[in-house]
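Encoded as structure tokens, the following chain is the form predicted on its own, with no partner shown.
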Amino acid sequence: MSEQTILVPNNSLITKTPEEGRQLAVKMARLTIKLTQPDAAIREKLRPVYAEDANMLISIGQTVAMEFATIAQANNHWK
């Protein structure tokens, strides 16, 4: 990979709202996938495979949920 992938945008988990936190969680999950498979052509080729696999889609949701739980804790959204 020629450029470094920034896994925590703006180097902060702090967000103004829970909605922004959820959006950040999705972005962070996508960045993790990009880091894991840096070749865009391969990611594009694999997209139809996981798009039709319920277990893979559930796994993606779980990944986003874990990212959001971390962000929510950093922001005290559960107060």
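The numbering used is simple: start at 1 and walk along the sequence shown. Bear in mind the structure is a predicted one, so any value in this text is a computation, not a measurement.
If you look for the form predicted in complex with a further copy of the same chain, you will not find it shown, but the lines that follow are about it.
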Do Glu52 and a further copy of the same chain come within 4.5 Å of each other in the predicted complex, heavy atoms counted?
yes
Ile42 near a further copy of the same chain in the predicted complex, any heavy atom under 4.5 Å?
yes
Residues in 8-26 with any heavy atom within 4.5 Å of a further copy of the same chain in the predicted complex:
Val8, Asn11, Ser12, Leu13, Ile14, Thr17, Pro18, Glu19, Arg22, Gln23, Val26
